[in-house]
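Take a look at this single chain, the form predicted on its own, given in structure tokens.
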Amino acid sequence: MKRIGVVTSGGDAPGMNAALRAIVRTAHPTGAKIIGFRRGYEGLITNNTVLLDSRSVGGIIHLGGTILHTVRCPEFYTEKGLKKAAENLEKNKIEGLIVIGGNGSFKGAYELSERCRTAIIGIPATIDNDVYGTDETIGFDTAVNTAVTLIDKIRDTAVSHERIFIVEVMGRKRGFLALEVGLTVGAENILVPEIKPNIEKVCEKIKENAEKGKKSNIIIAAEGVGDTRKIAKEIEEKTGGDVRLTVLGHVQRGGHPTARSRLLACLFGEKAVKMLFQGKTKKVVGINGNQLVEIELKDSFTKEKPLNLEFLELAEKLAI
């Protein structure tokens, strides 16, 4: 394999740059050229390329975001866009393409694989941690730690003013981030999209806490549970407490990747290159326990990764 393409697609996740570095430096001894496509799938359509070598990926392992940049590209998911992308892969003589991204990116990668001869391998990088077949994705641990650091500060204010804080974290469809953040900050309540919020139950717990002398409460809510402003107002009306809402937003995407996110990036990047040289295609790299695994590309976005509801039970048990 002489020419390998790489693209970072979808929402950025801390550790994408570390994965790029691992890909380039793993391939370097083989003599293969690494062609980066800028601005996600848009770069495949516009043929916006850059040659990546060992020096061009120096000093990026600790950087958040992606040096290749990424944008949403609706055109890619049209027949015309996919055809153009396939033509540019052929034009650049790309024998293998590594896609770094999440579910949406892998769906696009699969559709592209059906229209080209290029071998395609996916590397899961998303703070949502919702890719089927892998325990963890690149960037998830960083996002958790970023949220935990900020919520620990909010807890100080909540205790000092005896307030109820609702903290909205990312997660439009899945609650992996909210669940792990909520458990590790000691939240009194965790709201996830997979379970319809029971505000009555939340209010009952707040009242019970008040009777026990616990005047402050932290509620972690994934953005996908609904309008957190309305939820905050409803809780305030039903409990009589002083309720404040904090939306963490895109701060969770940025920052230096943690050691864990960098480790996964290094392992996944090396594995992806090896898989290409082994002649494999339509696969996604993952990790189960401490073992690297290969996931069917189609499974990665068509099958739903289960949420560990035992975490919710444990969080409730510990928040007394």
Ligand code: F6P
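Bear in mind the structure is a predicted one, so any value in this text is a computation, not a measurement. Just count from 1 along the sequence shown to find any residue number.
There is another form of the same protein, the form predicted together with this ligand; it is not shown, and what comes next is about it.
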Counting heavy atoms only and using a 4.5 Å cut-off, do 121, 280 and 299 all touch this ligand in the predicted bound form?
no
Heavy atom within 4.5 Å of this ligand in the predicted bound form, from candidates 170, 206, 185, 243, belongs to 170
Quick one: from 155, 229, 72, 163, grab the residue that has a heavy atom within 4.5 Å of this ligand in the predicted bound form.
72
Within 4.5 Å, heavy atoms only: does residue 189 come near this ligand in the predicted bound form?
no
Is there any non-hydrogen atom of residue 127 lying within 4.5 Å of this ligand in the predicted bound form?
yes
Contact between residue 180 and this ligand in the predicted bound form at 4.5 Å, heavy atoms?
no
Give a yes/no on whether residue 223 approaches this ligand to within 4.5 Å in the predicted bound form, heavy atoms considered.
yes
Choose one stretch from 250 to 258, 30 to 38, 60 to 68, 284 to 292: the one whose residues place a heavy atom within 4.5 angstroms of this ligand in the predicted bound form.
250 to 258
